Every structure is written in C-alpha cells, then in structure tokens.
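Let's start with one chain on its own, the form predicted alone, as structure tokens.
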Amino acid sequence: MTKVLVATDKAFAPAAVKGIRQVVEQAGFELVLLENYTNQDDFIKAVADADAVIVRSDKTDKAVIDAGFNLKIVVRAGAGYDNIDLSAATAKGVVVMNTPGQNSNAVAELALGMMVYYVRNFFNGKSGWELKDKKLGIHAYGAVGKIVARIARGFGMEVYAFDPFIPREAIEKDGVKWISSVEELYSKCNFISLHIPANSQTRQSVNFGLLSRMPMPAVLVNTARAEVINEADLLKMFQERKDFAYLSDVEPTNKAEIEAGFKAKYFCTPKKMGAQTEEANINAGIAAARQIVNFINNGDKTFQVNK
C-alpha cells in the first residue's frame, strides 16, 4: 500500500488533517502523521518506508531524502520550497512539488495589514497617515502580488509592478501600472512589497543601491524570504534614511541591532506568518494530498519544481 507521510513540526490545523486524510484514504493509500516533532532524526526515521511526503517549512535535506528508500515525491504545502534539497531529490529521482496559490490571499492580507499597522503608528493612539493615494510597487507579480495589487487598489493606492516573467498586458489589465525595470520601480514608489523567491539570482539582491532610490517616506514590506535582503545594506538604510521603515514576517539576522537603534521604524512578526491562517492551512494541505494522488495514479507532474 502507498504510504503518505505528513511531517510537520508545526502541525496542520485539525480540519486540514481531516481533509488530507480523506483525499489519501479515498485513493486507497495509508496516511501517517509525524506532528510537532522536535528532532530531525524523527523525520529521518519516519520517512524510511514512505512513498510520498507532505511538508510545510520542514527541513527536507539530503539526509531525509536519502533515508526515504521508497520515496517518490515530496510536496511542500505552500509556495516557497527552499527548505527542500532539490539537488538531492533530483539525484535520487524524487519529484518535488509546491502548491502555488493556496496561501496567496493570506500572505497578501498580511502585507497590507502590516502597512496599515505601521502608518497608524502601531496603533499607539497617536495620529498617523493613510495609504490612500500613496504609490505601491509590487516586486514580482505572481499569485500573491496580484492579490496585493487588488487589495491595495481598494485602499485607493496607486499600484505599480515589475516582473520580467509576466507580460505587460497581463499586469495592465488588472489596473496596475507596468514598470520596465526594478530600478524604476524603487525610484517611483514609497511602498515596496516583496514577493520574489530566494534563488541564486535574487539572494541579497534587495540592496542599498535599490533601496536608496525610494522617495521619502520609504517603506519596504517583506513577506517573501529573509535571504533576498542584503542585511548590511538594510542597516545602512536605517542609518542614512530616517524616513525608512522595514516591515516583515521573516526576521533579519541583525534584528537586535536594528531594534536597538530604529525600533519605531521596524516591525517583524514573532515567526513567519504569511500562510498562518486556517483557510490557507486547509487549502495547501489538501492541495498537496491531491497532487500526490494525481502523481502516483496518473503520473501528473504539473507542479514539479525540480525539472
């Protein structure tokens, strides 16, 4: 019998587990849960006889993949998959997938929520300012970026987007202004919302050269990955631009230094929270289960990321 392991150090919501179980067992597969584990060795032991694995942000490294003697597929319940060793999976012939779009609304709402929280002075009772008529630049116009644009336009913001992989007409049909270069995006917008993946082209690409182009006041919102930020340059921006603010759900490694000197211009959630809603939890988990069933039964590789 095909065995599907759900390995989550942060467990899915009960409703998500129920939905995953229904999809898996209706296909005639066995579901095994490894929830709230604290030792990576537990994951390595549990994967030994699994044919398929569903993870969230769990570290799925070479040791895990090599331990899966029967492993055929790993699905990341979410969009980002930098927690999975793609090279190790590819070398072993293991298909890796993500579930794009399932968490998008949750992430987008968090991005706008942090903007509101900041411009209203973290709700401290003092007079703040409004998002209406401010210029928002969306750096990567994928599933999340599109929803950020829609919500921001509802606030009355003037929305711009840069994405070299999305046709101009696809951006403009949403009422968003297309920008031809990342430099122009940063030069034009008071707010920048980051939605780029962390890869060899993007790591530390958001640097002082880009950030210093932003008009005053400048607010950078990061619900993507910490790795895309050049953290030394981030600190330099705080030091040289008193109008600059950084809002994120991924902590920089120099968080303590930033908080010590610029607490009024910085906010970070206690842990990564972009996908932390009940709806996103359920959507991504069930999508992952369905993708596994479709792959095992039909060879469907639609969402494969290690091609």
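All of these numbers come straight from a predicted model, not from anything done at the bench. We number the residues from 1 along the sequence you see.
There is also a form predicted together with 3-phosphoglyceric acid; it is not shown, and the following applies to it.
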Name the single residue among L235, A79, V119, L112 that comes within 4.5 Å of 3-phosphoglyceric acid in the predicted bound form, judging by heavy atoms. A79
With 3-phosphoglyceric acid left out of view, which of K146, K188, R225, K134 would have a heavy atom within 4.5 Å of it in the predicted bound form? R225
K265 near 3-phosphoglyceric acid in the predicted bound form, any heavy atom under 4.5 Å? no
May I ask you to state whether K10 is within 4.5 Å of 3-phosphoglyceric acid in the predicted bound form, using heavy atom distances? yes
May I ask you to state whether R241 is within 4.5 Å of 3-phosphoglyceric acid in the predicted bound form, using heavy atom distances? no
A275: heavy atom within 4.5 Å of 3-phosphoglyceric acid in the predicted bound form? yes
Heavy atom contact within 4.5 Å of 3-phosphoglyceric acid in the predicted bound form, the stretch among 24-32, 38-46, 52-60, 253-261: 52-60
Which of the residues spanning 87-103 lie within 4.5 Å of 3-phosphoglyceric acid in the predicted bound form, based on heavy atoms? N103
